[in-house]
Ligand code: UFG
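Presented below, as structure tokens, is a lone chain in the form predicted on its own.
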């Protein structure tokens, strides 16, 4: 396959690029580098520093590179920021994707895999979460991703553009090589925040609330290893190219781990005591989020391989130990 990865210099995008290349596929990367890292992408593959809102520049890439499909990761994705600067998220995520879809239609590209999110569901009471679970986002980020899903639905009906939306839960870990991993200017994800303690970058990890209706009072989340997640994107694109219907799939491990369990697992992996402090609950944090991925397993033939939480943390730890400041200085 010849594939354009939009947002290919980000955390998930760079792992997708690596896996596609290892599979023998031809890969082209588009990334604005607003949050992505040029160092995360091999220097010997076509790379275009283009903002997806720039239609002229974007279309020039697609006119030059004839491809079988697109995997679309480009987005702003900080939940907190999305609530204080919602128009930024509508502009980049929704308007940017609208521009991308216009270019796909005009250049005849028929298949797109879209990086969506479990944030489309909002506060959910039924577990595990199914694709049929009602969507009611509680933040702007989730709302923009849901808007894009709906835009894809109507674009498919009008222009026969085939899509798969992948709603994923907590993505974590790093490639086994330790050469690429998670590096955010503003870090909000639990595992990197925990690992900043043994790296000496913060004195302790703060646990936000211990009075949730869970087994140990802390929030429970479903973690999926980055390699398994990327594999699902590749299977989804192959599914579309084999004539599969446009569809939506959840991606998770079907298993939940509490914040305290994650800290304990990180202590075991790193050999560091990782002190913690208890903070107040954060507004909007659901007690429990666990995905059902049965549909993806059945339809896409997807089977997550790296579900052991200590392995997930160990792969992240390998990356963070060798890159304590991310890609800075490389």
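Bear in mind the structure is a predicted one, so any value in this text is a computation, not a measurement. Numbering follows the first chain given and starts at 1.
One more form of this protein should be noted, the form predicted together with the ligand, which is absent from this view; the next part is about it.
- Not one of 32, 62 and 100 places a heavy atom within 4.5 Å of the ligand in the predicted complex.
- Although the partner is absent here, residue 119 is a contact residue: one of its heavy atoms lies within 4.5 angstroms of the ligand in the predicted complex.
- Proximity of residue 282 to the ligand in the predicted complex falls within the 4.5 Å heavy atom cutoff.
- Put simply, residue 289 is close to the ligand in the predicted complex: some heavy atom of it is within 4.5 Å.
- Among heavy atoms of residue 259, some come within 4.5 Å of the ligand in the predicted complex.
- Considering the ligand in the predicted complex, the lone stretch of 85 to 93, 226 to 234, 71 to 79, 158 to 166 in range is 71 to 79 [heavy atom distance within 4.5 Å].
- Put simply, of 109, 152, 219, 197 only one has a heavy atom within 4.5 Å of the ligand in the predicted complex, and it is 219.
- Checking 132, 188, 125, 136 for any heavy atom within 4.5 Å of the ligand in the predicted complex turns up a single hit: 188.
- The partner is not shown here, but in the predicted complex the stretch 195 to 210 reaches within 4.5 angstroms of the ligand through a heavy atom at 205, 206, 207, 208.
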